[in-house]
Each structure stands twice: as structure tokens, then as C-alpha cells.
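Heads up, the chain below is alone and in the form predicted alone; it's given as C-alpha cells.
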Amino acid sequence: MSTEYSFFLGCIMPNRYPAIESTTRFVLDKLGIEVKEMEKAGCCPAPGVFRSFNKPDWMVAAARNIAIAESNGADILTVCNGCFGTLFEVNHALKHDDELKKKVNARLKDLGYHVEASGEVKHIAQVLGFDIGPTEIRDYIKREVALTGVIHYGCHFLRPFTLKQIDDPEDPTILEDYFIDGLGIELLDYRRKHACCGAGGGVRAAHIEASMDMLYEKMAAVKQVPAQALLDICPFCHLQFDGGQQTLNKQRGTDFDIPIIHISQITAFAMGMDDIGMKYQATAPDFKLEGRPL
């Protein structure tokens, strides 16, 4: 496990859910991992939208972020599936295609940057679930989490498998193993567990009705099981679940009220942080996690 990372913040987390950032920093500090700031980093940019319109510019913008991380001498860490998708795939492409790297560096030169793609790009769920793992994480937690929940993987964490090879995207267990064996959480299966939340790929921005249709199907399936909360690993999915429930309640008369908790938030709670920022969220702001002695 690396002892230092260049922390890529992305857009949604610092602007909409700063508690995910503060809890991530708390967790990394408890694990003894040094955080290196990525000064002047920009949008990742979003894999579903930007890449679809202009792949060369998408790649150069991502390569600039990778170059900033390389100047820190540390691999990249992100807590967002979309950021992970873009930065991982561009880093992989540059690492395995010298001609592409020359073309990208020719454009980066005008901006004062140079990329080698010599490092790695990691997702916080990968670091916690695999690099540390459910057994070792118990050396760092102060209490188990007394919670019955459901989980959402999202689209860009495990796919494409041919590149990432983290876990089987059709039948993954990395999050189940971490939450159950590592943090003591009871997880429930539910219909549409591996379906998209409806936010990514520009769907939420361009087709809000279709986005809400997808979210409604997901939340209706969650409501069929006695889950106390939904656990996710991506701030954009988090925004869709948290704010989207309120949109559905206002526009369609539903009564969804499922608390949404990011993997960094619930890990920070298990490590002893009491205020993980639930009061700043749109749905279930009064929800309180409960601990259980180890």
C-alpha cells in the first residue's frame, strides 16, 4: 500500500459534499497515508460527456491532471467513479501508446506541462477494500457500524474490466467483503442493485425526466427491503440519490427518505468520527449512525 497519494478532488465533492472530502482526509490520516494537494488541477473531465464530444481534448485535460500528480511524485487517489474512469483510462492509454503520449505532450507543452504516465490511479474503495482489506482495516477502527444497508457500485469503478481488473463487474464482492467483514455492517440484496443511478453520461444534465425514471426504479427497489441506508462510493451518484429523492418526492408524490452514506463517511465513523456531515445532506439530515463495540 502506498503511504502517500496526490488527492484529486474533482468537482462534485468539494462543491456539494465537502463532508466526503473531510472524512476522506480523516480516514487517510488515521491510516498514516500522506495527502499531497494537486495545485491547479481541473475537471477530470467527465468521461460520459466530455469524451463523447471531443476525445482528444478530453485526453489532454486529463493528462494535465496526471502531470500535476506526477510533479508531486505520488500516485493519484480519487473518491469519485467518474474521475476514476477518466484518469485511469487516460493514464492507461498514455502508458501503453508512445505515439499518443507524444501527441498529448505536444499540446501540454504549450501549457507548461509534461506527462509520463508512470504512476497509478486508485479509487478510495480500491485502497480500502483491496490494498488494506477487510481484515487489516479492523486494526484501525474503534467500533463496528450497527447498520443494515444496501450498496451501490456505480458504473465506472469496475468497468471496463479488461483495463481495471479490480473485481468481476457482473458479480463483485469487494464492497460486500469490506462493509460486512471490515466494518460489521449487515447488507441486503435488492433488485436493480447493479443498475445505474441515472446521473452519469450527461443523462441528469440533459434528460432529467429519464434520469428521474432510472432513479425511481432504483429507489423503489431499495424501499422493498428493510434498509436503513444506501452506501455508495461516488459523489455524483451520491448527489443523484440524495437530491434526487427530494426531486421525486416533490414531482411524483413519493415518500423516499433513505440516508445516503459514502464509503469515506462510514469508514470515518467506524474510526471514531461522530459528525460525518449527514446534517448537510438533503435527505434524512437527522439520521444518526450507531456504533457497536468491537
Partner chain sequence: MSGTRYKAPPSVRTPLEKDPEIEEALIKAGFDPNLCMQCGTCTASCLSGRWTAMRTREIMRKAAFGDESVLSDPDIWLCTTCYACYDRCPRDLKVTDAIIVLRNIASERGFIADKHRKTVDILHKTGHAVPINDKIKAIRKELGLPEIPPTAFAYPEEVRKMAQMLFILPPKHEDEEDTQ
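Since this is a predicted model, take the numbers as computed values, not measurements. Numbering follows the first chain given and starts at 1.
What comes next is about the form predicted together with the partner chain, which does not appear here.
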task: Taking 4.5 Å between heavy atoms as the contact cutoff, choose which of Leu188, Ala210, Ala146, Ile180 touches the partner chain in the predicted bound form.
output: Ala210
- request: Sort through Leu175, Ile166, Ala74, Cys196 and report the residue having a heavy atom within 4.5 Å of the partner chain in the predicted bound form.
  value: Cys196
message: Between the partner chain and Lys40, Lys55 and Gly202, in the predicted bound form, does every residue show a non-hydrogen atom at 4.5 Å or closer?
response: yes
- request: Look up in the predicted bound form whether Leu111 has a non-hydrogen atom within 4.5 angstroms of the partner chain, and give yes or no.
  value: yes
message: I'd like to know if Glu120 sits close to the partner chain in the predicted bound form, meaning any non-hydrogen atom pair within 4.5 angstroms.
response: no
task: Would you check, heavy atoms only and a 4.5 Å threshold, whether Gly133 touches the partner chain in the predicted bound form?
output: no
message: Although the partner isn't part of this model, could you tell me whether Glu217 comes within 4.5 Å of the partner chain in the predicted bound form, counting any heavy atom of the residue?
response: yes
- prompt: Going by heavy atoms within 4.5 Å, which of 56 to 64, 255 to 263, 242 to 250, 227 to 235 lines up against the partner chain in the predicted bound form?
  reply: 56 to 64
Residues of 153 to 188 having any heavy atom within 4.5 Å of the partner chain in the predicted bound form, listed in sequence order: Cys155, His156, Arg159, Pro160, Phe161, Thr162, Pro169, Glu170
